[in-house]
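Given as structure tokens, the chain that follows is alone and in the form predicted on its own.
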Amino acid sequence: MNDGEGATAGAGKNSGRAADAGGAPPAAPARRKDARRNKEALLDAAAAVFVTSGVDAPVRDIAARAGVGLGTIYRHFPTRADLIIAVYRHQVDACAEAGPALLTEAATPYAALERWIGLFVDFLVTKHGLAAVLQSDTAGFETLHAYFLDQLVPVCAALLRAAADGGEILPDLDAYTLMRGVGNLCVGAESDPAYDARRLVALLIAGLRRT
């Protein structure tokens, strides 16, 4: 190799290092962000289809709503159980994340509690077919209920504590007991269109207020 070639090679190496140091950022993080966003969009589409058609809805309906091919869904979720579990974990996460946000946005902690319980009711009454699949022996379903409680009970407890500290509701209310009561009021909403679970839950939450 002559001096010119060495200089050229050295310049090439230096320019490559300069590009790494000060050029465009690596594409991998952007690709990961896009992949995560696309997966979340797919889960939102699946959740919407489950609301109208239940968890046994054809996968092609989910693919059509998400605007992707069947292969994309099966690549992320090889079985229907994988998809169902992912959808409900995604929605549990969204409900959990809503609690602190509502405490920041709402006029009072009690208003935040009311709105969060509304989201919780929406979650419960739109889960067509979930109760049935939870009876299956699929391993992932065994931990789904525990995940639900682990994520949501602390959020409800924080909302109750904030409202109690503000003097808006009775103190020492147990979050799990309240959520179980709300859940019991929602039983039957799926099979009886005339049953207004949301109205009954609203009466329950109104009863928590100090008089």
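Values in this document were obtained by computation on a predicted structure and should not be read as measured data. Start at 1 and count along the sequence shown; that's the residue number.
Quick note: we don't show the form predicted in complex with a further copy of the same chain, though the next part is all about it.
Asks: Determine which one of 171-179, 63-71, 47-55, 151-159 lies within 4.5 Å of a further copy of the same chain in the predicted bound form, judging by heavy atom distances; exactly one does.
Replies: Among the listed stretches, the partner-contacting one is 171-179.
Asks: Thr143 near a further copy of the same chain in the predicted bound form, any heavy atom under 4.5 Å?
Replies: Thr143 lies outside the contact set for a further copy of the same chain.
Asks: With the partner left out here, check for me: in the predicted bound form, does some heavy atom of Leu185 sit within 4.5 Å of a further copy of the same chain?
Replies: Heavy-atom contact with a further copy of the same chain at 4.5 Å: present for Leu185.
Asks: Check for me whether a further copy of the same chain, as it appears in the predicted bound form, comes within 4.5 angstroms of all of Val92, Cys95 and Ala98 - heavy atoms only.
Replies: Judged in the predicted bound form, none of Val92, Cys95 and Ala98 sits within 4.5 Å of a further copy of the same chain.
Asks: Residue by residue through 193-209, tell me which have a non-hydrogen atom within 4.5 angstroms of a further copy of the same chain in the predicted bound form.
Replies: Ala194, Tyr195, Asp196, Arg199, Leu200, Leu203, Leu204, Ala206, Gly207, Leu208, in sequence order.
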